[in-house]
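First, one chain by itself in structure tokens, the form predicted on its own.
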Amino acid sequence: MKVLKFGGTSVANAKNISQVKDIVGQTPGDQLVVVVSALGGITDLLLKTADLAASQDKGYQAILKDIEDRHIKAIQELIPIASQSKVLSKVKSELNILETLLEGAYLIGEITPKLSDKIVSFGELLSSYIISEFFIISQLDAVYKDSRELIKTNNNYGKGIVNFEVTNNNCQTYFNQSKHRITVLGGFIASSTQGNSTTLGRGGSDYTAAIISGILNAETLEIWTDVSGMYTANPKIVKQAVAIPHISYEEAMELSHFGAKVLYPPTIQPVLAKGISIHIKNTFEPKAPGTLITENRNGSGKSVRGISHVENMALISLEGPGMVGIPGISKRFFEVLSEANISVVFITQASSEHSICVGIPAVDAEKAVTVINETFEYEIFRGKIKSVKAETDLAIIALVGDNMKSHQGLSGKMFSTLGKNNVNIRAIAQGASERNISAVIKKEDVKKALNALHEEFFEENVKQLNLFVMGVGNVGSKFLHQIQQQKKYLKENLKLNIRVIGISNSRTMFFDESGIPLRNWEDLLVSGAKADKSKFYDQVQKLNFRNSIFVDNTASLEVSKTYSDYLQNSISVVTCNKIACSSEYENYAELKNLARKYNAPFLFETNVGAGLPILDTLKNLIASGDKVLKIQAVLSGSLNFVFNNFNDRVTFHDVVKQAQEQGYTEPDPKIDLSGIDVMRKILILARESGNRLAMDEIENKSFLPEESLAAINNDDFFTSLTKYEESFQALYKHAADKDSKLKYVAQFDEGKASVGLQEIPKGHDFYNLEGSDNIVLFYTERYPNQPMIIKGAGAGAEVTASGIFADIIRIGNF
């Protein structure tokens, strides 16, 4: 004996019902019971017609016509014309009764629970009859049976309580005498002992199938739906979720209780005691293995089996000093909720007895507040208990697994993962069985929370990083190319899945929440919306992705002002823009503080030395207890390029122009040549060494004429360079005559910093510095005489992009 239940989506239309027929026809076994739901969506339409009729709104008639049309269409597509007459006659007769019931509700302007059950029962009555006739016409040995003749309940309309003594007898008698291989029943519906139609409540079709399975000692209960089993998380929210091959009854109940909609929790009760397995299968992928539910066979296996959630929840907290040590408060609290027919989903209580917090469906929040405040009116008036208010727009997320109690640190891992992603936890509960850990969070954080937790517990430590990139010019375009090139390597070797979700230049911005295809990002950006820094940030916040990183490849002051917004929303910031870290000390310190407070890394390795690990090395020195005594450095790759290529055979103007065209300078080369860029870099090094220093405290020994410094645009600047060529040649000759080279040197010593052009003699560490290379000498307590030297390419789009990329990887490895 097997029992097969097919849900509403499985029998939504003729095409799906044909698929059901094929599945039933291919299922082995001497006797099959097929339990079907109403055609997909019909139950909701029936409830709507009842509400409209009771409100004396004639709109119910149009919906009733839709209901009739759907059933007639199904008959016409399933049943050959020669055999349609009998089926159409029966269905139209039932629909006429339904119409009469609705007319009655319309005339009296109300609907009772008894009438509501009668009306809503037509969904399963019609679907089961049509499907049984289709099976018979298709040469299956099938028969239709009205479930109301088998399953008997009390008169609790809307959620009838099954009378198992009578129901057992009815089922045993009928199936012992049945001579057909297949019996088709409507789920969800039953009748009272007086013969009135009743329903079994939400998930009633599953419950019908379980009742029959338990009574008949079925070999297995198969529940056919539109997904391939119970998933590790909701696959509509977590794309990486996978079907769980095997799960225990208890785990399935926990997951179902917390929102896994493929199974209704009470379903398991009738089969649990008898050890009957439940198999969740996909009607539309019948060969998929699905999920098998039995007693626990996981042994000492995986701790967390699934992550589930319930949305649209509210928190109600009863608290006050008058609760401490007073017996009966909890009883009164839960009693009043029970009497108001309000289901409590979540409970937590402080050990001090000062407060009790419960999670309830949001639709019941207003009613709950009213009845609780009325019940505790005296205590509230005396100031012993605070007036109750509801917190809404919440959701419950839960980790579920039989073996969670055997694994240490799961709670810490869960809460740490949520905390890193700025998901605030409002309340926590853990059952004594330790089979689930549940937490209340904002509804808007559900997607981020589920994906972050799923990544942590199920995805073999593959961490997804979601990037939002502003600035896709010379450096930014190289950065995007490097991501595209290394994406596969990072996933396979570093377990990092990097997605670019948003990009922007000064004109347009483009977002794709599934990840921008980097092979044609230029075309997509052209088609994007008008660029707007505020709207870019708003979109990042709205998407609310886990492990979000804002990447700034610009040199914009305005963009740098947005860092604090990102950081205080736990969005990491990676930047090659030096403005923020060289701004007022208070701003620099605040950004560092926000990064620590909100656990959002703020990384700017490329601020000094492009891709060279200068700042990272300095941080490690300080963290290990060393102290910086002096820093000497050539920090401008652009200026080093300029003076390495400048001589008496080429003009200073041409060398600077070449440096600009090859991407060694900022878009405004005056920033480099004026020494401002180097000042920023030595300032950042001094600050990262633990010193409080301001930009105006750095001595700048500029070699540029005043006219060049005063130029307001690039054209004027380059014109001035031509004008003063003679003075630049004089600088070169003076150094060459002494067999020295010109280098632009930055120094920090005894709390003072300076930058300026120096003549470097042979034998000095700076003398042989070629091309656009940078060099930094750290004199510390551990390296007082022979400094720690870091040397290499310190400018150029490729190396700067690689430095940004390295910071991204650092965040991925946090």
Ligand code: ASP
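We call the rigid core the largest set of C-alpha positions that still match within 1.5 Å between the two forms. Numbering starts at 1 and follows the sequence shown. Everything numeric here is computed off the predicted structure, so don't read it as measured data.
This protein has a second form, the form predicted together with aspartic acid (ASP), left out of what is shown; the following refers to that one.
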Is there a heavy atom of G675 no more than 4.5 Å from a heavy atom of aspartic acid (ASP) in the predicted bound form?
-> no
Considering only heavy atoms, tell me if A38 and aspartic acid (ASP) come within 4.5 Å of each other in the predicted bound form.
-> yes
Is D552 a contact residue for aspartic acid (ASP) in the predicted bound form, using a 4.5 Å heavy atom cut-off?
-> no
Counting only non-hydrogen atoms and a 4.5 angstroms cut-off, does S205 reach aspartic acid (ASP) in the predicted bound form?
-> yes
The one option of F188, Y744, F479, Y563 with any heavy atom within 4.5 Å of aspartic acid (ASP) in the predicted bound form is F188
For the chain shown here without its partner, which stretch in 461 to 469, 482 to 490, 196 to 204, 85 to 93 has non-hydrogen atoms within 4.5 angstroms of aspartic acid (ASP) in the predicted bound form?
-> 196 to 204
Can you tell me which bits of 123 to 144 touch aspartic acid (ASP) in the predicted bound form, meaning any heavy atom within 4.5 Å?
-> E124
Comparing between the shown form and the other one on the rigid core, is the C-alpha shift at L769 2 Å or larger?
-> no
Just checking, between the shown form and the other one and with the core aligned, does D44 shift 2 Å or more at the CA?
-> yes
